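What follows is a single chain, given as structure tokens, in the form predicted on its own.
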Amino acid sequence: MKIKKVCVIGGGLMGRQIALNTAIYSYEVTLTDSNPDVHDAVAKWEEEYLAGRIAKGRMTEEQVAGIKSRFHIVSTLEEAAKDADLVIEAIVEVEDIKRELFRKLSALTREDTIIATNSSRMCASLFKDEVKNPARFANLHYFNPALVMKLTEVVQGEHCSSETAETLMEFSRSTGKTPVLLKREIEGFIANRLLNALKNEARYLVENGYCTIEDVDTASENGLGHPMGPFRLEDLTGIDLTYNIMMRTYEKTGEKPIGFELVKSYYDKGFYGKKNGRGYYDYSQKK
């Protein structure tokens, strides 16, 4: 099918970037969030980001005007999803909240509207029974920051049609991304499974007193050539997100993941990362 109108649900760090990136590549985009305060925050962020593109000579005023005309922040889910060809969910990583959202979306969208979840952990099959025509339901996982990172992961579970998967692959390419296709579902997909192996070792080393957080990041950046070490990266993606994922694993298996107590110690202090100025590192004095 031909995608023309895209709905993004969730105006947080990922959702707003996914939405704006999509609008930059000439798609009509509607974005909504259940928290009305987020709408103003996204509008301010959009204005500042696009003004910065003009100031740096990356975009012209004419280009920005076109993007703004295609990027719409709306107050209700009904308005956002109306006539959408593709809906991308980018809300909190809590199963029950996602389940309720997909149930609502199934009632609001056409049966041929593709519904995609940006979740990096929860496979679409977990929610397939909430969606009419689950053949149009898949994971479309972006990486943070979504305006910059090229990779997307399209995951085709057994319920998902090849047509849906290929449409998402082509949509990704048309928005400046380089997609990879997983023909079977597996938690963590490709990139995060590789990254989690590194993170587990990093947490093990620090939690057991072998070295400091700074030492691990220095070794990763200067020895392995990574753009940022695992702890600096987690500050960017959110320690709160990591903790919630670990808690879900703990509740499901009864076993604490590697480094659970280390992550919990920062979470309990409200140190969530760059988003609130303090994570493994202190960003409060940095502009």
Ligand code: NAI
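Throughout, we count residues from 1 along the sequence that is shown. Predicted model, so just to flag it, every value in this text is computed and none were measured.
Not on display, but discussed next: the form predicted together with this ligand.
A.B. asks: Going by heavy atoms within 4.5 Å, which of 117 to 125, 167 to 175, 194 to 202, 67 to 75 lines up against this ligand in the predicted bound form?
C.D. replies: That would be stretch 117 to 125.
A.B. asks: Looking at Ile91, Val131, Val206, Leu181, which is the one with a non-hydrogen atom within 4.5 Å of this ligand in the predicted bound form?
C.D. replies: Answer to the contact question: Ile91.
A.B. asks: Quick check on this chain: which one of Val38, Leu233, Met246, Met59 has a heavy atom within 4.5 Å of this ligand in the predicted bound form?
C.D. replies: After the contact test, the surviving option is Val38.
A.B. asks: Would you check whether this ligand, in the predicted bound form, lies within 4.5 angstroms of a non-hydrogen atom from each of Thr22, Ala55 and Leu147?
C.D. replies: Not a single residue of the candidate spot has a heavy atom within 4.5 Å of this ligand in the predicted bound form.
A.B. asks: Please determine whether Gly11 contacts this ligand in the predicted bound form, using a 4.5 Å cut-off between heavy atoms.
C.D. replies: Because a heavy atom of Gly11 falls inside 4.5 Å of this ligand in the predicted bound form, the answer is yes.
A.B. asks: Is Ser34 one of the residues lying within 4.5 Å of this ligand in the predicted bound form, judged by heavy atom distances?
C.D. replies: Heavy-atom contact with this ligand at 4.5 Å: present for Ser34.
A.B. asks: Within a 4.5 Å heavy atom cut-off, is Ile97 in contact with this ligand in the predicted bound form?
C.D. replies: Ile97: yes, in contact with this ligand in the predicted bound form.
A.B. asks: May I ask you to state whether Gly273 is within 4.5 Å of this ligand in the predicted bound form, using heavy atom distances?
C.D. replies: Gly273: no, not in contact with this ligand in the predicted bound form.
A.B. asks: Is any part of 124 to 146 within 4.5 angstroms of this ligand in the predicted bound form by a non-hydrogen atom, and which residues would that be?
C.D. replies: Contacting residues: His141, Tyr142, Asn144.
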